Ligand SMILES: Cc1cc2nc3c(=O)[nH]c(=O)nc-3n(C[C@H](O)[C@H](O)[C@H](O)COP(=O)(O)OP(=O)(O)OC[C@H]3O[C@@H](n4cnc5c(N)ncnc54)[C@H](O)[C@@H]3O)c2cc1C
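First comes one chain, alone, set out as structure tokens in the form predicted alone.
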């Protein structure tokens, strides 16, 4: 940051008259993306990167940490290691610090438990002293102009802080199909709430249950139901097969800094096509999860004479209703016609979508938007807006078309955070090296 940006500014106060803290860099959200930023910027940003998180404590997909769920990304791609392997907040240091290194190594995981990664994130957040839990930021405004400008972060009770630069790492929310919007069916549950719903609940084994969504979350929901004793599960997916994630070496080339630089320079129509074609390198089902479902299905058939899971691909749910404790679904089939299914329990595992950006209208009015009304992002993840020369606003996890299929993925956490820090500090404090590439895209 330039000397001009570090000069004293006028102090603002909250409603009670208390002076607001001012930060060089503030992050909204304390998920993996912004934790990576805070970990890498801990000793580089004056005062550190301060994170404001609405949750009361550290949590990462708390409803999806059930037994057997695995991380789809290598643990080497943690918060820091890809760009700073000596950083104290690495996954390896977490294992050593917790005293579990040898137990972890001896367990010989190909894919680590998601619960382990969630605990690692909580450990890293605890090691940092710049994470403020229970402090939602619902509005980001801007005051001043030029070098005297700064962002104002406000919660439900008014302003909570000001900052020179702000990084939004808001994560996602469940995507709900149109036919389920605004309804209040007693038996309808989001996948992230399924574990809590089933805890302590009595199950009639052949009581039907349905899972809508043919991705990893849908597969994990099916496993959760099987493990809880359900024996009549109908799994509905839109694709014409339950597709495994492509984890081949050539697919993983899309998750490299060199490819990211190539991708960002392509015309928008080409980028959109590539993201669609590369979908299964990110959004497919882990092969091990699919094998587990098929093996449980077969072994249960051997014991009980029927499969507990009926797979129903090529179906799009277009209508839903509830009557007498049963939820009825109407599905359009790829090959034509409709069919009806009914069950007292329906699990929505229909993907996720970006959370809304809490930008004040006056700030949004100074921002360049794309044709969908979303802020335009530069290669360094900064938003194009009027005072960007002095106060930069960055957005993480919502630029697939701009930055490739890896953008919302954990794979390039550290690379993305390092790119943002290089931009904030206006020098290459982190050199992102990826020279030895055997694929030529251009």
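Numbering follows the first chain given and starts at 1. Owing to the predicted nature of the structure, the values given are computational and were not obtained by experimental measurement.
Same protein, other form: the form predicted in complex with the named molecule, not shown, and the subject of what follows.
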Residue 411: heavy atom within 4.5 Å of the named molecule in the model of the complex?
yes
With the partner left out of view, is residue 238 within 4.5 angstroms of the named molecule in the model of the complex by any non-hydrogen atom?
no
In the model of the complex, is there a heavy atom of the named molecule that lies within 4.5 Å of any heavy atom of residue 26, even though the partner is absent here?
no
Does residue 113 reach the named molecule in the model of the complex, with heavy atoms at most 4.5 Å apart?
no
319, 256, 197, 352 - the one with a heavy atom within 4.5 Å of the named molecule in the model of the complex:
352
Taking 4.5 Å between heavy atoms as the contact cutoff, choose which of 399, 391, 382, 64 touches the named molecule in the model of the complex.
64
Since the chain is shown here on its own, which stretch among 259-267, 128-136, 82-90, 197-205 would lie within 4.5 Å of the named molecule in the model of the complex, judged by heavy atoms?
128-136
Report whether all of 31, 53 and 71 sit within 4.5 Å of the named molecule in the model of the complex, measuring from non-hydrogen atoms.
yes
Since the partner is left out here, which residues of 148-187 would have a heavy atom within 4.5 Å of the named molecule in the model of the complex?
169, 170, 171, 172
